[in-house]
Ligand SMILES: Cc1ncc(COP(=O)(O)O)c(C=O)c1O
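Only one chain is shown below, in structure tokens, and it's the form predicted alone.
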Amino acid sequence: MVQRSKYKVTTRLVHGPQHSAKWDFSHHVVPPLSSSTTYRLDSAKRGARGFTEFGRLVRDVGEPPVYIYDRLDEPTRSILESELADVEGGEACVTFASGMAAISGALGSVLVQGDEVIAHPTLYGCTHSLFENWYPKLGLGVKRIALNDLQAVRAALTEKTRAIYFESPVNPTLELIDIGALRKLADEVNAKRKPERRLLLFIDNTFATPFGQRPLSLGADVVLHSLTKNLGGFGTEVGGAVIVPKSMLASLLLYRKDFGAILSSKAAWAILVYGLPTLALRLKRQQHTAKKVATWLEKQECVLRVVYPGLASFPQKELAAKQLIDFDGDLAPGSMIYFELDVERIEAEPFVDEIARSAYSVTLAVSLGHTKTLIELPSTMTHSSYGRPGGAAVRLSIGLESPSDIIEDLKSAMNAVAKTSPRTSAKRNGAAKPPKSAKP
């Protein structure tokens, strides 16, 4: 058998497993789709063995596992989980019916009543809602601390603190969190704790994907993904994933079994066959386009600030060069752009309304990591749970379209809704453009 590990990750993503105990791959070029809710058992003893082994074995060689019922385990989803664990450099993976189910499951399988979570102030809106609306009812505390302020994080830690939770890049601002610095802090804390109460670092790696960042190698304990986004890639499947050490697998699988939020085998198959094999190809193209669009946006008078890790103006360039690295060792700035409009020149809502009305290459829609370029207003859409309407910030997820077409649609929308102001008139009369700040 060919030694798969000697091949680069991009090649392994295309070809998948050469052999798996979970399925006979001897004659399959494309992984097969399993679609059965329940499995025939040869004997009651074999059924009992399946329940005994559930959640305790991590293996992809030797004897196949005993399949009992889809909600416990099934071949297609299990093969996807093995591939996701491999690409992240982790020991095990558990997939869920959505990204939020993955987040809820990952934390829910660890936290007990009275525990505390320290979380970054800015998070995806539904994660924010989970922490603010539901955790207090469960007797779980959440402290919101800027995680790059290590002094503040250290001051907030107590014996009850069980997890530090964050995204990097942050949704939607693209701020980066220094994973290595948090790892050093967690190690200091854990040196004085029992192993079963160690402080864990949870990171949502959805924006970067394993193509652009492998948080486990940087010091994270648990990595989360919305499979709905870049890993799925085509906007057809909803799912989530949690990559964990083997020591956490049994508890997480048990939680998923009882919580019930399993990823369907059909969704797993689509991600395994279409999403992962094209991940590197899609992101390389999307990053190429994102750099062109972000560079153009920086030159526009109606744009106050553009945040994109591939720009020279990005305020965390050194951290990006350390964390956002693709499989070939190159900077991986991603496909997301965050920019703020000058409300004296153009308002955000009329701008995206014009995009919805007249643009072809840019679509007004939430979600991200799609083959199509998507634009939205975080303050009133994905992050509306923060209760801060009226913001001037725009989130842009770059797809596979021609960069010139995206730029032209953005330009047309800006021109159509631009306000007439003294500064606009000055621009038309040839006045110099005032310098912009690159502050985050």
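Numbers for residues come from their place in the sequence shown, where the first is 1. On a predicted model such as this, the values are computed, not experimentally measured, just so you know.
The same protein also has a form predicted in complex with the named molecule, omitted here; what follows describes it.
Proximity to the named molecule in the predicted bound form, defined as a heavy atom within 4.5 Å, holds among 109, 228, 82, 287 only for 228. In terms of contact with the named molecule in the predicted bound form, the residue from 283, 238, 324, 294 that brings a heavy atom within 4.5 Å is 238. In the predicted bound form, no residue of the candidate spot (88, 216 and 319) has a heavy atom lying within 4.5 Å of the named molecule. The stretch from 275 to 283, 308 to 316, 261 to 269, 204 to 212 that comes within 4.5 Å of the named molecule in the predicted bound form, counting heavy atoms only, is 204 to 212. In the predicted bound form, the named molecule lies farther than 4.5 Å from every heavy atom of residue 117. Contact annotation: residue 167 falls within 4.5 Å of the named molecule in the predicted bound form, judged by heavy atom distances. A residue is said to contact a partner when one of its heavy atoms sits within 4.5 Å of a partner heavy atom; residue 131 fails this definition for the named molecule in the predicted bound form, lying far away. Taking non-hydrogen atoms only, residue 171 approaches the named molecule to within 4.5 angstroms in the predicted bound form.
If you take 76 to 114 and check each residue for a heavy atom within 4.5 Å of the named molecule in the predicted bound form, you get 98, 99, 100, 103, in sequence order.
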